[in-house]
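There is one chain below, alone, in structure tokens, taken in the form predicted on its own.
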Amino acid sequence: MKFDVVVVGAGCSGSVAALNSAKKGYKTLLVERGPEPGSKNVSGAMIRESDISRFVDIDGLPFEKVVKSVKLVFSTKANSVELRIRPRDKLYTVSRLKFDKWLAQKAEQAGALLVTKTTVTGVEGNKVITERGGVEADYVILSEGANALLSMSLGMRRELKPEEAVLGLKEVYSMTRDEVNKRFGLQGDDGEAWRVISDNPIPFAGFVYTYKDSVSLGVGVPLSNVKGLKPYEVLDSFRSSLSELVKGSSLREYSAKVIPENGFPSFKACNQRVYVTGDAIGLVDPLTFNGIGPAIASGYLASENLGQCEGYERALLQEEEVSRIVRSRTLVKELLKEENFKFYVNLIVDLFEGWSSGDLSKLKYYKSNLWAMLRHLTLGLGVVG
């Protein structure tokens, strides 16, 4: 059987790539190894409307809640600081299972053929090998996620080192719609999202999202900082600190995934007829916790530049979300070091604690780190443009 385009992986980037290539008239096959799109994905998840609407008609978007407030928490063993932000952009919480199925259905409606429960085991020339047999394709788009075995087998990227990866763990707890609203002080479809940056018990980033009938919580733990404490123990500790929010509810879902903190352009995004998108080339913005937006953009751009490898890589670098990820890599690498992570969390907590008490003398301790802070500030200025 022959297709113009075979897309491997029906996650966000894969389905958008299939949707756009089908709309452009290419005979498109979308292959998913899970029983349905989204079944293999792990994400909180919160999305920006503007990230989606640029590439996909959002009519019928299966959102859970509209995020009206984002709570940012910096926490140490001794104290914590909480900030509340009213988002300027329209934010939604979504279930990845529902969201990914919705995107895949749009690809099918545009004419793409979706095949699930099928694993692609190799790409040889113009042939895509699956456990059910092979198909021919003029172009192959690999949207296979962070564990990108096909991309690695083709020499387009290497395996991530521990210092280049974060392990994400997520749990979803069921409760009634009224109970979700009561516990978070919400009304109707209004939602809330939390970001937690903490160095206790080890450096990690946590999240809490409100859904219609459940609450999602999780942690991201830099693998290089895991010393004597398992990531699931960090999740246990985080959940314990939120016990009142999930008390009496039942665990619906538990999942884990590797989140890449390195990739394109040191990983190849294109090689002749093979294109790579999303997590497979590390398109996650750890500074804004945004992986879905860049993934969707990359899927769209890959399908827009079929037959133009250099054009795809150039388009990625011109895409603001992707460009920011590339510019921030050096800063992120610095901030993920355990000593720097702890330093800034404690600095923020001590700064607000000193301000509230009227005694900033504790900040004298940080004077010895001014050069490192100046270097990080310079890197940060490069990220903002």
Partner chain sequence: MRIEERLYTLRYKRDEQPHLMVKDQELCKRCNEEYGSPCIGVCPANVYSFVKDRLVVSYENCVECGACKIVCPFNNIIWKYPRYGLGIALRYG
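Residue numbers count along the first chain shown, from 1. Note that the structure is a prediction, hence the values are computed from the model and not measured.
Absent from the display: the form predicted in complex with the partner chain. The rest refers to it.
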Looking in the predicted bound form, is the partner chain within 4.5 angstroms of a heavy atom from every one of Pro35, Met152 and Leu235? yes
Determine which one of 76 to 84, 116 to 124, 195 to 203, 176 to 184 lies within 4.5 Å of the partner chain in the predicted bound form, judging by heavy atom distances; exactly one does. 116 to 124
Does the 4.5 Å heavy atom contact test between Lys106 and the partner chain in the predicted bound form come out positive? no
Would you check, heavy atoms only and a 4.5 Å threshold, whether Pro162 touches the partner chain in the predicted bound form? yes
Taking the partner chain as it sits in the predicted bound form, is Asp213 in contact with it (heavy atom to heavy atom, 4.5 Å or less)? yes
With heavy atoms only and a cut-off of 4.5 Å, decide whether Asn340 touches the partner chain in the predicted bound form. no
Which listed residue (Asn147, Ser241, Thr288, Asn305) meets the criterion of a heavy atom within 4.5 Å of the partner chain in the predicted bound form? Asn147
With the partner chain left out of view, which of Leu245, Ala315, Met156, Leu97 would have a heavy atom within 4.5 Å of it in the predicted bound form? Leu97
Considering only 225 to 259, what residues come within 4.5 Å of the partner chain in the predicted bound form, judged by heavy atoms? Val226, Lys230, Pro231, Tyr232, Leu235, Asp236, Arg239, Leu251, Arg252, Glu253, Tyr254, Ser255, Ala256, Lys257, Val258
